Ligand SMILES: Cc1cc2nc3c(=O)[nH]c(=O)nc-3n(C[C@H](O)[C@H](O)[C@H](O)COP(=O)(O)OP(=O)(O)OC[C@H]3O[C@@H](n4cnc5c(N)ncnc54)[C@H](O)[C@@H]3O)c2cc1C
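Single chain ahead, by itself, as structure tokens, in the form predicted alone.
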Amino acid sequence: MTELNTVEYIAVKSVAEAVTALQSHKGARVIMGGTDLMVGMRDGRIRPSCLVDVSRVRELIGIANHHGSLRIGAATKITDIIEHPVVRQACPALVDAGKLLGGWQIQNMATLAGNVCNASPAAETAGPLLVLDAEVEACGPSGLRSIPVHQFWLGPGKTALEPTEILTAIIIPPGVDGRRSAYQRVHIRHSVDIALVCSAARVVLADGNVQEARIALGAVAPTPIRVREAESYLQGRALSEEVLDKVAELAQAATQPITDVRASAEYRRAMAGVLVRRVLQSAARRA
């Protein structure tokens, strides 16, 4: 087990300083809220040589309109996202997920980027970001680059970030209508437990029919996934019981669940279909 007092600590004041620190210290890890990282260090699963603290870097904090996009700084707390009026109106699925991310103590410390970079297949915010067609903004020695969020997770605990890169923001692109979006999960204990299965959906309706759809599932595959066959099937159809039955069937077929101490693969597959129905109906009811 790694002793916390043997790890070097650097508090930086800018993104440039953070990148320099990551270049200078092999095995360094960025710390923002630390709600996942510190647990991993305590358990010995994560053994950084150095902690680069970016929690006070002003350019990483805040939510703003940036050239028509909604830009959420990497170190913005989950509580601030939940309470932000623009996010509440434009991205209710993200608010749904934030409210289920631990208790209020965790929400006051945890950051959106931390939840994303943890790369858990059951990450609360992953599904909403997938259905919002979000992009990850990262900065490294070569400057800024954007990564579509569906390409960001490579496997459990693995992301597309290079060792010397830092995630600087989550971007919701212009033109993405997230007002009719929702997120739900199946859990054993409210808030304090990891999702057994989770799902998010976003729909754009015209004359009662689906004009555009995005559906995501978590905790049923090595990474959070989009259910693209179901999305295509929904095009031009009303959300009737028959259509929802078919969508649930397609969602189940897209899963690759495992059996562990918390739930069986069969249960996760069955609940994937149930949750997709629920979040689509919930999203469609939102104005």
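Predicted model, so just to flag it, every value in this text is computed and none were measured. Note that residue numbering follows the sequence shown and begins at 1.
Omitted from view is the form predicted in complex with the ligand, to which the following refers.
Peer 1: State yes only if every one of Met32, Leu101 and Ala113 has a non-hydrogen atom within 4.5 Å of the ligand in the predicted bound form; otherwise state no.
Peer 2: The answer is yes; Met32, Leu101 and Ala113 each reach the ligand.
Peer 1: Indicate whether the ligand has at least one heavy atom within 4.5 Å of a heavy atom of Thr79 in the predicted bound form.
Peer 2: Contact with the ligand, no.
Peer 1: Is Leu37 a contact residue for the ligand in the predicted bound form, using a 4.5 Å heavy atom cut-off?
Peer 2: Leu37 belongs to the contact set for the ligand.
Peer 1: Does at least one non-hydrogen atom of Asp133 fall within 4.5 angstroms of the ligand in the predicted bound form?
Peer 2: The answer is no: Asp133 has no heavy atom within 4.5 Å of the ligand.
Peer 1: May I ask you to state whether Ala74 is within 4.5 Å of the ligand in the predicted bound form, using heavy atom distances?
Peer 2: Contact check for Ala74: yes, within 4.5 Å of the ligand in the predicted bound form.
Peer 1: Have a look at Ala213, Leu167, Leu196, Val149 for me and say which one sits with a heavy atom within 4.5 Å of the ligand in the predicted bound form.
Peer 2: Contact check passes for Leu167.
Peer 1: So which of Val204, Leu161, Val186, Ala90 gets a non-hydrogen atom within 4.5 Å of the ligand in the predicted bound form?
Peer 2: Spelling it out, the residue with a heavy atom inside the cut-off is Leu161.
Peer 1: Have a look at 173-181, 140-148, 117-125, 80-88 and name the one stretch with heavy atoms inside 4.5 Å of the ligand in the predicted bound form.
Peer 2: Correct option: 117-125.
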